[in-house]
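Shown below, as structure tokens, is a lone chain in the form predicted alone; questions about how it binds or moves come after it.
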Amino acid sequence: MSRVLSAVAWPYANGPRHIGHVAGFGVPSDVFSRYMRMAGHDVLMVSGTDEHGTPILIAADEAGLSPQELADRNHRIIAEDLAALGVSYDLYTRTTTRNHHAVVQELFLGVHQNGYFVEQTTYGAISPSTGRTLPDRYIEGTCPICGYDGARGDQCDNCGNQLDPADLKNPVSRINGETPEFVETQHFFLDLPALADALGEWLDEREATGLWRPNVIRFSQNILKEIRPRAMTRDIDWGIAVPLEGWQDNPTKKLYVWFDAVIGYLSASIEWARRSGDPEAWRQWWNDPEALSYYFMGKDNITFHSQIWPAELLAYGGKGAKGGEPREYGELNLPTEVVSSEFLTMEGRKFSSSKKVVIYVRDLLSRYQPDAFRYFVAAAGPENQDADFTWSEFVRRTNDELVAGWGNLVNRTANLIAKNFGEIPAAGPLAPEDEAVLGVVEAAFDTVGGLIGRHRQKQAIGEAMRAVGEVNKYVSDSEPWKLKGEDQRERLATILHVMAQCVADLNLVLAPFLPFSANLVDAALGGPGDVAPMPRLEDVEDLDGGAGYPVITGDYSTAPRWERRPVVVGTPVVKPTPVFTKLDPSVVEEELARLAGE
């Protein structure tokens, strides 16, 4: 058994999340976490809503709300949606808690104490019409390095280099198109060059494992070539105060939202430990060098997880060129793997809330089963290349694969058992074909589990559905519905027992992908319907006296082990209801019309 930290990207609080977001971080992280628990590992899955930064101020102004009111509203919406999708967080929290502020300030002080923050005068972008600081990502222009038109003020997505807004040629504000003014301002910069050698050694060590996705490791190594200090404070009045004399009382100087957001993985772990009754429990995942940690996000966030966050951890631990010693949190583990997904598009276009090219998680779940979407993401999502969500493909995969494949096998099995015996029958002597199909299904535990553990979920669910196909073929070849005579009853019982065992096995194999239907399938075979523990939304009090807020949490200790569990002879089975809802082809036209605003 290993301790496994499942660190999931923090959704931003400027609005509800759409399906492209959760395809990159939500579903893949949950499949992995559920499998690892079933495989016997001690998993801590944490995340929360990222609530600081200038975009929140802009969105709050547009909504006529204060930043805190907007964050409160959207945090609840996002948490409700993720819980409804079945994402099994041990703790999903937020960055406006007092616990998070304290942890972020401790990290800042440790990095500063070790000499990895340097104070510099730089140029900040100001909106001429409002006088408000413009966030780096809200400024676009031509990249001075590769010439790409459309580079952001913090990074060029074409060449991957980090930028400053003042570096851009022909910079404009994405908010209103005006040319920003640049004024002198003082900021703390993270001394990335002093950490470059340590970062390089860590990335080389990660590459040597052969486990990282090639695009992620290559991108991470490439951005080291142009490494330079990066500002970690901002001219803004919404965020976490800089905990230094002369800075902390300045209402217009706050820590950079990305400095504080990645620290959320640690602060959420600490909050979870404090709520568990053992305030030091988080150390088992963060201070034990044998513990493993996996970070899930979309590819646009690789820089922050393979450079900025590891640099903060190294600096806090005094592992860069300037040396130093860790403070109270001790030496903190660097990521075992950064698991980055590519982008999901929709009907061939980029998701865009402003252009109405979007479907929000809440809207999709109000009309379709969560497992239908989870299946689509696992089977056709952006695991290692960009993928396109189309309504025609969503309907096809739901009907042809989930309903006609897995759902049909479950329904036939339960229906035949209920009709002929009313309970799971005992098996007689097994024929070679019985042994063969049982062997195929049992082998799926190792095959599928190994692939999930290596973040090959598309291949994993393909192998699981291949095994479903083998069992369906066994049923068709065996034709149990034709065995009607008394002299054929033992053979009928044997076939139905084998079918029940195969369905029970495959249900566990598919449970990480399809947790809602896993419980329904378990119930269809007479079980309690609890093989996939589900998350719950709870309203809690702030541990340090702030306002209360909703969190996602759950008890997942009852998840079954990742292995065959023999079905229990005599378990009552009644006539089933379909596990999956078949979609009418008209869904495609209806959804395309909705997308077009008709």
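Throughout, we count residues from 1 along the sequence that is shown. Values in this document were obtained by computation on a predicted structure and should not be read as measured data.
One more form of this protein, predicted together with the RNA, exists but is not displayed; see below.
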- Using 4.5 Å between non-hydrogen atoms, is residue 578 touching the RNA in the predicted complex? yes
- Does residue 426 reach the RNA in the predicted complex, with heavy atoms at most 4.5 Å apart? no
- Query: Can residue 181 be called a contact residue for the RNA in the predicted complex at 4.5 Å between heavy atoms?
  - Reply: no
- residue 455 near the RNA in the predicted complex, any heavy atom under 4.5 Å? no
- Looking at 228 to 236, 520 to 528, 198 to 206, 331 to 339, which one sits within 4.5 Å of the RNA in the predicted complex if you count heavy atoms only? 228 to 236
- Note on the structure: Of 257, 71, 444, 297, the only residue with a heavy atom within 4.5 Å of the RNA in the predicted complex is 257
- Query: Only one of 274, 283, 112, 137 has a non-hydrogen atom within 4.5 angstroms of the RNA in the predicted complex; which is it?
  - Reply: 137
- Quick one: in the predicted complex, does every one of 76, 355 and 391 get a heavy atom within 4.5 Å of the RNA? no
- Task: Looking in the predicted complex, decide if the C-alpha atoms of residue 131 and residue 248 are closer or farther than in the form shown; they differ by 3 Å or more.
- Result: closer
- Are residue 47 and residue 139 closer or farther apart at their Cα atoms in the predicted complex than shown, with the shift being 3 Å or more? farther
